[in-house]
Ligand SMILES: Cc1cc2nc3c(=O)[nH]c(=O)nc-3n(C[C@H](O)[C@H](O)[C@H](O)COP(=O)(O)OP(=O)(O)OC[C@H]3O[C@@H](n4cnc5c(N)ncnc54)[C@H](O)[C@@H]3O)c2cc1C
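Heads up, the chain below is alone and in the form predicted on its own; it's given as structure tokens.
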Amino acid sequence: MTRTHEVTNQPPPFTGYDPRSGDVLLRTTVAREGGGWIDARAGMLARAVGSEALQSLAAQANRYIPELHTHDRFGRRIDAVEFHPAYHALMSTVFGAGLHALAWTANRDGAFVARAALNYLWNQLEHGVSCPVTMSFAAAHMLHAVPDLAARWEAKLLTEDYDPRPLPVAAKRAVTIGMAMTEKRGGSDLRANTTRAVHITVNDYRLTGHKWFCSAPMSDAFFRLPVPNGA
């Protein structure tokens, strides 16, 4: 390698720092709102966020985009989306830290503030996995309205674990939720959606329409936003 001149006017890589320790407003606000008990976990996550290792994973996860495989090598239709290992490493970290579940499982004052603090810290590193985190968090609340679904999904949805294997829910350690809301007609104007939901049985609906954006397509279930039949 040929030596070159010394560069003195460029900052060093911004790694090895703790985004929480110097954020007085974050720490004091969380404590004031009753979430100070999250300090130890928040400190661990903050140091991980500022580490070179996680920053490298975030860069790789965004550089190597997911790939759709419609068929396996034997010609069988699989419609599998392959993510880079860095993406799965980030998902393991963020779900393992409980960002999707803490507000529901902590069962103490300040739980939502504590969860917000963790998400605030994480989003200083990488946003791509925040959608399945947020959808999984929201799904837990939605499941309360359907007890039989909650019985099958809630425990694995709220566990602090990540299981990317494409298996039935019963065979998995943990599950994640994605979303499929956007339509060509509607775009970001969800009021213009035309997908219809027709009630079939007590908890079953037939959806007819065309969703053209799917967040985290290898999730175990998805939020949909249809128009009720007759609306």
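Quick note: we count residues from 1 along the sequence shown, nothing fancier. Bear in mind that the values here come from a model prediction, so they are computed numbers and not experimental data.
There is another form of the same protein, the form predicted in complex with this ligand; it is not shown, and what comes next is about it.
The stretch from 202 to 210, 23 to 31, 173 to 181, 52 to 60 that comes within 4.5 Å of this ligand in the model of the complex, counting heavy atoms only, is 173 to 181. Though the partner is left out of this view, residue 149 does not reach within 4.5 Å of this ligand in the model of the complex, counting heavy atoms only. This ligand is not drawn, but in the model of the complex it has a heavy atom within 4.5 Å of residue 135. The closest heavy atom approach of residue 131 to this ligand in the model of the complex falls within 4.5 Å. Among residues of the shown chain, residue 214 is one whose heavy atoms approach this ligand to within 4.5 Å in the model of the complex. With contact defined as any non-hydrogen atom lying within 4.5 angstroms of this ligand in the model of the complex, the stretch 98 to 119 contains no contacting residue.
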